[in-house]
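Given next, in structure tokens, is a single chain: the form predicted on its own.
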Amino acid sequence: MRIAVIAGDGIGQDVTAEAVKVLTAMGEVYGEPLELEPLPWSADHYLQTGVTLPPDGYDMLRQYDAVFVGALGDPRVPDNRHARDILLGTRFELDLYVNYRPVRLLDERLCPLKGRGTADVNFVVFRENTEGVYVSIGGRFKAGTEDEVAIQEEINTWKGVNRIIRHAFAYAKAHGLTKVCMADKSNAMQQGHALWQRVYKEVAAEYPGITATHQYIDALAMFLVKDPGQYEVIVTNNLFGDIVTDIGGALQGGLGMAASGNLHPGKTSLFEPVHGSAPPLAGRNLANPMGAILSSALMLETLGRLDEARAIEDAVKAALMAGETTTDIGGTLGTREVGDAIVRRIRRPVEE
């Protein structure tokens, strides 16, 4: 299998190096190595060449089995056009309509909520990934004046809403889960979110074994903090999904622990840790690589290599329990040392 690797900017390069190290070790242990092909697309590349990605860049990516991205964003590119073209552009051009974000607490010591453990923080969020307010339809009139008008349109289509909701229910059924919750703001956004309400009810009726509930997004955010254990599968739109998955990241130990996938089932998909590029931390051996490494496990899971995906997750969990972590979650190791610790745990069955 061929994997395009875009380390990107800032700590993206640091954490991607550790994910590649883990994937390489996994391929050696299981005898099925991946072809990990680095692509130079980044702020550095843009500043040197003036090119965010080549004209055939999206077609290039379609030739890979998957794409792995570290992080994108650099203050030297104030409008972050390279990040918009590489990341958001890939989501739209490859039609990666499912943003898949599992929220799983691996060690109860990492949860900021009092009295909550691993059984309470174990759910998945499906965020619609190609519509909503992120499509950049709108504009500004009289910008920079006291008469400025800014318009940002939210786009909801039956096709987009239907397929993400169907994916959420299909995932629940396939994984033996019995609860799906849809979040919107249909009490205030009565046009676009009426479509979400209609489609959700129609699809839910096709899954009588699954309890389908609805919460307004503000209520959902509150209950994620009060009682996260009530959720198994959450489905919502692009903006709301972006926000609630950051809450989920905090519940599982911070954004350094959070993994994600951008999927078009059956086609080339993209995987990335949830955190940003954090330029001040770049190259200092400080960034937590576990979110990137867990994203690589999501990639293997999606590619059908389930045993390898579970082995990576088990190695990460064992490293956590042993305190082999970076300082953001209470450890004393650096980025590279955490990667080495996880690789040792992956290799240990062979060495023994």
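Don't overthink the numbering: it's just position in the shown sequence, from 1. Because the structure is a prediction, the values reported are computed rather than measured.
Heads up, the form predicted in complex with a small molecule isn't pictured, but that's what we're talking about next.
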Establish, in the predicted complex, whether Ala19, Thr24 and Ala259 all lie within 4.5 Å of the small molecule, using non-hydrogen atoms for the distance.
-> no
Pick from Ala212, Cys111, Leu106, Ala278: which residue has any heavy atom within 4.5 angstroms of the small molecule in the predicted complex?
-> Ala278
Proximity to the small molecule in the predicted complex, single hit among Ile217, Leu224, Leu255, Leu96 (heavy atom within 4.5 Å) | Leu255
Give a yes/no on whether Asp74 approaches the small molecule to within 4.5 Å in the predicted complex, heavy atoms considered.
-> yes
Taking 4.5 angstroms as the cut-off for heavy atoms, does Ile11 touch the small molecule in the predicted complex?
-> yes
Interface membership of Leu87, the small molecule in the predicted complex, 4.5 Å heavy atom rule | yes
Taking 4.5 angstroms as the cut-off for heavy atoms, does Asn288 touch the small molecule in the predicted complex?
-> yes
Pick from 278 to 286, 170 to 178, 187 to 195, 203 to 211: which stretch has non-hydrogen atoms within 4.5 Å of the small molecule in the predicted complex?
-> 278 to 286
